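Taken one at a time, structure 1 and structure 2 that follow are two forms of one protein chain, written as structure tokens.
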Structure 1
């Protein structure tokens, strides 16, 4: 009890008005912090779910649209499809298409698909498979969708979390 004596003496020396104001300010700050954390967590959950839903839709659409092109070896049309996907979806960081043997048939990278990406999220089961990855550019949601149940290959698509995190930072 002795330990808290100086602290108690200081507290009792403060006026009642100041104490009440201090308590109110403390409660307001605490509530504000709690609400901010709650909103942040909720916003992150919602935005992440929304990002994943959009990613799954884009990936499955790509898998459906690339099937005929892959089967007819239409490399240019596959490349064009990938370019259009990247140009029209700002959260898509990368996409690539694997043939039935697991070889890359088309991709959105400058030279080649990073080897690390070829080693994760393998053999997707229908309708799709999702995995969160940590990269030097932050978190990525990698979605893999089989083409013709996997008999013709698979589509992989990576969504960047950068825009999502910037939105959360701005809002909170």
Structure 2
């Protein structure tokens, strides 16, 4: 008890007004922290859902637009379609189109599609299939959509979470 005597003397020496202000400040800080964490969680859910909705729309549009090109074996137009998709959507990190046999008909990679990537999110069921992947640059959402119900092939698209995470960090 003697160890705590100096501490108790300091606390009792503080005025009642200062004690009340200290408690109010503590409650305000605690409530502020709780609200910030709730807003952050809500914002993350909303932005993630937005990213996924946008990704599905891009992937399904790409699948619809590539059907005729894939069936007529128009490789140049397929590459142009992929290039336009990347240029117009900053969150898209990659996209590739598989033919009915599962072979890559067109892709956005410098060399070839990484084999590890080809092994995930296979055989998408209509209207689409989604999977979150860990990559060197962070989280990616891989979205796969069948072309003509899967009879002509599939489109795969990868969306980066970097902008989403940066927005959440700025808001917090």
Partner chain sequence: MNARIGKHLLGLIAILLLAACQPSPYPRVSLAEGTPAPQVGADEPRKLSLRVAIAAVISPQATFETYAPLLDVLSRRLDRPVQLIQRGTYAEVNELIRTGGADMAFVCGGAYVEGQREFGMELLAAPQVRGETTYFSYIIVPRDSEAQSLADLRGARFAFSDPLSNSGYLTPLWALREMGVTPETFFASTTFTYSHYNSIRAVADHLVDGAAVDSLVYEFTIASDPTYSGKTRIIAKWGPFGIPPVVINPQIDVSLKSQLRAALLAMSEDDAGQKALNALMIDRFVSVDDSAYDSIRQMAAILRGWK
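For clarity, a rigid core is taken as the largest C-alpha set superposing within 1.5 Å between two forms. Residue numbers count along the first chain shown, from 1. Keep in mind that what you see is a predicted model, and the values were worked out from it rather than measured.
Q: Would you indicate whether the form predicted in complex with its partner chain is structure 1 or structure 2?
A: Of the two forms shown, it is structure 1 that corresponds to the form predicted in complex with its partner chain, while structure 2 does not.
Q.
Taking 2 Å as the cut-off, check whether the CA of residue 166 shifts that much or more between structure 1 and structure 2 after a rigid core fit.
A. No, because once the rigid core is superposed, the C-alpha of residue 166 moves less than 2 Å between structure 1 and structure 2.
Q. Is residue 151 one of the residues whose Cα moves 2 Å or more between structure 1 and structure 2, with the core superposed?
A. No; residue 151 is a residue whose C-alpha shifts by less than 2 Å between structure 1 and structure 2 when the cores are overlaid.
(Q) Keeping the rigid core superposed, can you check how far the CA atom of residue 12 moves between structure 1 and structure 2, in angstrom? (A) So the C-alpha of this residue moves 3.7 Å.
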